[in-house]
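Only one chain is shown below, in structure tokens, and it's the form predicted on its own.
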């Protein structure tokens, strides 16, 4: 049997990290089993589904490296197949038309709530006679279509994450609506649980891997598989992603969209690595930093946790920094150049750009950190308070003035590092100050502050574009 798994996002919003983690687990399992990872766009919510959300989802998956094996199935194009399945259930007497109004349903729920009971439909229209139906139709009432659920039925399956699962029909809220109301007594728009079953069967899905919030849906869907005489897939219900307080991660917690993580400067490698760790424990001997291909070689559901996984920004940031620090200057420059262009900056030549990338690379946590760290090399920085204080130190300006006079005379091109180091030593001797004071003062003059990357490389980069002497002179 070829393993076939799927991601079935609804294009009613951008790609959420929870959906992306589900996609990742599906992709990992498919690759571990040499199977296929498929995609289905569940766009049957006509009002909320937007093409731009579909585009965002596809782009996010591709950015993470989660490529699908076959062309995506568009659910809205299969509406006739869904209605045909509903018609067969009606003909078998396994589904029926229900004319209970929304007002009656609200009243039913309110009464149950007062009694301290869970809301459910009482199946009152399950056995209407043709004559009763005619009366409702004559009154202009429109019907939903409900699937019969016997309260005494037992639904069982072996979940790859949670083991043996058992539900009773009585716990599913009464007969399930599988189609919305429609005029002229036609079959209205088919609903989620029905269309998922029909489409998963059509796509020959062997394993349904999704979040634990679908457990009740799984029980309902197994009944539909049985009623439609379809093969039931194997199920795996993964833990939810939680915020630091232990609640389900939501938009209220800030960034949750994959495109937002991308915009913040996270790399797809780090984010995919981190999402894998949200619910999966690495085998003994395997490092927590890995590629998705390395994870796929080890992935299985016996190491997927049942408990929810708390989102940890510090861990994600650490993984992202490790990825960036492992990149070559060439890799980093390729990513930095678009960020520089967005700011209106351009490296004077490739060698200079590579040297700047190598200089700032070890201090990056996010790619976007590179903007502020690169800024002093493209724009003259403001002289900050600590920089001013340093330049007011006794002997600082005297040493810097000598250094400037030498630079003006020799026109240093930034290449002979021995010359630069010797010049710092000479300036310290002349001003009768320590070499460290000269270097701190030079850093203040070049960068406007006391913190920053390696001084000599910084000086070399600025000298190569003729900016070092200008910055020293402004301080004098």
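Fair warning: this is a prediction, and the values are worked out from it, not measured in the lab. Numbering follows the first chain given and starts at 1.
There is another form of this protein, the form predicted together with glutamic acid (GLU), and it is not shown here; the text below is about that form.
Put simply, of 399, 149, 196, 278 only one has a heavy atom within 4.5 Å of glutamic acid (GLU) in the predicted complex, and it is 196. Between glutamic acid (GLU) and the residues 121, 192, 311, 301, the one pair within 4.5 Å by heavy atoms in the predicted complex involves 192. Only one of 210-218, 335-343, 153-161, 124-132 lies within 4.5 Å of glutamic acid (GLU) in the predicted complex by heavy atoms, and it is 210-218.
Proximity of residue 10 to glutamic acid (GLU) in the predicted complex falls within the 4.5 Å heavy atom cutoff.
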